[in-house]
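Here you get one chain, nothing else, as structure tokens; it is the form predicted on its own.
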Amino acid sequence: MSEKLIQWKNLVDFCKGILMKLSVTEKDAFMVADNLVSSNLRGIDSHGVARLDRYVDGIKTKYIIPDVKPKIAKESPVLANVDGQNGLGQVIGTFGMELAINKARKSGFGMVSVFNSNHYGYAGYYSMMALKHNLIGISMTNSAPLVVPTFGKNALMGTNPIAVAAPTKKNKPWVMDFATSTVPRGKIEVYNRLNKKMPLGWATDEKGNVTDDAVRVERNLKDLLGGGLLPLGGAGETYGGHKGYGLTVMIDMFCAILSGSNYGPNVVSKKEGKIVPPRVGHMFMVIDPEYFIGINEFRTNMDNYIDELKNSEKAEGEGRIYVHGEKEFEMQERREKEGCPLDDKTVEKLLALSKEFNVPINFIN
């Protein structure tokens, strides 16, 4: 089977249809589907529809509860702590970010932590929600232990991504979105699905040695045999791996220790042979520039800064300098027109779901 193309709207309808077969409301199913397909559109295939079966399995095994709503546990004019009640992470994440946005629109700042949640997709989805209100959005989450500490052998921390989105006037918004590991697990999964060697410096084997064997790393992570992803900066301290290690712990602090969620090695979906909710935590922050320099001047200065970066002298052999988010916006424009490409293993997963739930899927080719 070769790579297939599908129109993004058809992909949204398919994902939504599958989730609705599992007692997810149409509104909530759309939130999850929109998040997944948006990831594919922006070229972040590691967090796209290839993960749909993860949420299906979570609902089937009952560690994800499809019909609960998040609730506010504690609140002030600018702060809140939200109980996700083990629902779908995208629904909980959207609730938390919208709450932070509303607080920022009233008071200039909003900060919302979340506990009892699940995997919420890609972090940039939520930070970009603030852009339509001309606000700065920040989103972060902790996750299952996949990353080894600097000089460590076993995975004790999550990939713990952070995303920041800032509004502009004439340029595309500035959107920084990255895991605090060298790569997210989804990148390893892509190399595993394609049976390709991955770059050295992404992960370690069961002895703590750097490896390019994605199949081995995936197996070790699944069976808890040792090794894992490396912190941002790679192994040791030479290229700043200890800084990525610190960022990872910082996000656990904000998302989990502060909110009352599981953190580090405690974020598991199975304990003593029984399936348990992972109790993931998130943090959302929103800032209104109007309370500082003013929104118009802020957006103008962001444009000026972006222009200075992009128009600066290029290194020898290089033709272009990018800013964060630029490649993803260009990819989105292309894929909205041409369709989203899906690798053969992802197609197999979706076809299996289509057959199981009797929801048709329509590919371009």
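Start at 1 and count along the sequence shown; that's the residue number. As the structure is a prediction and not an experimental result, all values here were calculated from the model. Think of the rigid core as the biggest set of C-alphas that the two forms share within 1.5 Å after superposition.
Below, we turn to the form predicted together with another copy of the chain, even though it does not appear here.
*Asks:* Considering non-hydrogen atoms and a 4.5 Å limit, which listed residue (232, 101, 214, 144) is close to another copy of the chain in the predicted complex?
*Replies:* Checked against the cut-off, the match is 232.
*Asks:* To verify the annotation, which of these, 221, 190, 135, 183, has a non-hydrogen atom within 4.5 Å of another copy of the chain in the predicted complex?
*Replies:* Filtering the options by heavy-atom distance leaves 183.
*Asks:* Does at least one non-hydrogen atom of residue 305 fall within 4.5 angstroms of another copy of the chain in the predicted complex?
*Replies:* Residue 305: yes, in contact with another copy of the chain in the predicted complex.
*Asks:* So in the predicted complex, does residue 139 come within 4.5 Å of another copy of the chain, heavy atom to heavy atom?
*Replies:* Close contact is absent here: in the predicted complex, residue 139 is far from another copy of the chain, nothing within 4.5 Å, heavy atoms only.
*Asks:* Any of the heavy atoms of residue 76 lying within 4.5 Å of another copy of the chain in the predicted complex?
*Replies:* Contact check for residue 76: yes, within 4.5 Å of another copy of the chain in the predicted complex.
*Asks:* Does another copy of the chain come within 4.5 Å of any heavy atom of residue 127 in the predicted complex?
*Replies:* Output for residue 127 is no: heavy atoms all beyond 4.5 Å of another copy of the chain.
*Asks:* Considering another copy of the chain in the predicted complex, find the one stretch among 111-119, 93-101, 269-277, 127-135 with heavy atoms no farther than 4.5 Å from it.
*Replies:* One stretch meets the cut-off, namely 111-119.
*Asks:* Heavy atom within 4.5 Å of another copy of the chain in the predicted complex: which residues of 196-212 qualify?
*Replies:* Sequence-ordered list: 199, 200, 201, 202, 207, 208, 209.
*Asks:* When the two forms are laid on each other by their rigid core, does residue 199 show a Cα shift of 2 Å or more between the shown form and the other one?
*Replies:* Residue 199: C-alpha displaced by 2 Å or more between the shown form and the other one.
*Asks:* Quick one: once the rigid core is lined up, does residue 260 have its C-alpha move by 2 Å or more between the shown form and the other one?
*Replies:* Not so; residue 260 is displaced by less than 2 Å.
*Asks:* Superposing on the rigid core, is the CA of residue 187 displaced by 2 Å or more between the shown form and the other one?
*Replies:* Passes the 2 Å threshold, so yes.
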